[in-house]
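The data below hold one chain only, encoded as structure tokens and taken in the form predicted on its own.
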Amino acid sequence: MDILITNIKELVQVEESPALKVAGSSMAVLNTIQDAWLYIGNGRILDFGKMPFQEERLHEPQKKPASASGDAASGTHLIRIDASGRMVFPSFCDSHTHLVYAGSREIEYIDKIRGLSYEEIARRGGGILNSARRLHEASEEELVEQALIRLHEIMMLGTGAVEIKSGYGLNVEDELKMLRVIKRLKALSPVMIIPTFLGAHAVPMEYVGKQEEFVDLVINEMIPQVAAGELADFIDVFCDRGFFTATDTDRILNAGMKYGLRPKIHANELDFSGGIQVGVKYNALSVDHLEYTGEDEIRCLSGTETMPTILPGAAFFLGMDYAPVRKMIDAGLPVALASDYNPGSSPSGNMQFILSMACIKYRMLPAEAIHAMTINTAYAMGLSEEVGSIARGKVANVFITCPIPAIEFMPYAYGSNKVETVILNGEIIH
């Protein structure tokens, strides 16, 4: 099936020479084409340009991959969409979620309202440990069923690629169960899914006071089995005050890399934990959260391959200080923005809301925020050669907005869904 979208009010984030990521002042420059067309075939972006669309382009064989079949010119396999008044964006890429979980944690939300901190709730057996208990009791079928509903929801809000972490197992059997569920979701959902192993998400109650023994369990039993089953692309650690130390993190990342698992870690959400420095040491693809980021951390990240990733939903929901995004960008760093969709600290995967928060709370320009949620989050999943922008040859993951007046309307209208049509892998989903 080929798709021709014409009369596009504005085709957003167009790349003639695709970049892997966008950093510093370049994040404020967003390439677009007004009054545009977009041609999709064989699941890929084949071509684009400014209207009027010349029908003879459908006859040009170089515009179609050799493997494509059918006569596009005859209309047999061609779907035409008139996008008058509407814009086309690359789908959002959400590079940090905990989307597989069993049930919600709204009671803890009430505890937060009453003044208990995230760490106090965790010490009482709430937080991650609460989700671990629920996950242990849930079947794989139940977990798949719940996660598919969440995946459908974020897809309708514009997300086309998502990273999903384990981390609510906290033992060998349940961590493997989570990763098997994620593998099944990859086969069932049109959303592109990247699995990450997060065995070191919290210290189980039975290992309190024996944290080193749990780290040994992660290294000696969990990592080898995850690798043997080819269940994850990345390895993650929650390196922060009250969770895992920089020394713990160093050991776990070192072990994971021996099995081919590249790091993507939680760092500096609750304090200056040293997590950023450990992440850079091991060439982590991303370091995420970063509420506590100073000049030393910014210098450490400068010139590296590690993507600083901000999670506005968690900072908003927990009432925390916001990461110094403006300082990062002004220092020349790239920045990514992800949802942190999880039941305890960010129970939403709505990337449109994250876009609004980026502008409202982090003082990011809309262009900067769009880069941070597409090409830079694609980079943070190792996918920026495939998705994250409108470029010839990339996977056709795009969405068409409802009629909107300007790009800036996307973050401005923070309470409504601006996505009207979803196209993933070159197929019209909605």
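This is a predicted model, so every value here is computed, not measured. Numbers follow the displayed sequence, beginning with 1.
Note that the form predicted together with N-(iminomethyl)-L-glutamic acid (NIG) isn't included here; everything after this is about it.
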message = If the cut-off is 4.5 angstroms on heavy atoms, which of these, Ile329, Ile128, Val88, Met307, is the one near N-(iminomethyl)-L-glutamic acid (NIG) in the predicted complex?
response = Ile128
query = Going by heavy atoms within 4.5 Å, which of 183-191, 321-329, 96-104, 148-156 lines up against N-(iminomethyl)-L-glutamic acid (NIG) in the predicted complex?
reply = 96-104
ask   = Within 4.5 Å of N-(iminomethyl)-L-glutamic acid (NIG) in the predicted complex, do Lys264, Pro312 and Tyr379 each have at least one heavy atom?
value = no
ask   = Can you check whether Thr293 is within 4.5 Å of N-(iminomethyl)-L-glutamic acid (NIG) in the predicted complex, heavy atom basis?
value = no
query = Quick one: is Ser345 in contact with N-(iminomethyl)-L-glutamic acid (NIG) in the predicted complex, heavy atoms, 4.5 Å cut-off?
reply = yes
ask   = Do Phe238 and N-(iminomethyl)-L-glutamic acid (NIG) share at least one heavy atom pair within 4.5 Å in the predicted complex?
value = yes
inquiry  = Check Glu269 for me: does it contact N-(iminomethyl)-L-glutamic acid (NIG) in the predicted complex (non-hydrogen atoms, 4.5 angstroms)?
reply    = yes
query = What residues in 285-311 sit within 4.5 Å of N-(iminomethyl)-L-glutamic acid (NIG) in the predicted complex, counting heavy atoms only?
reply = His289
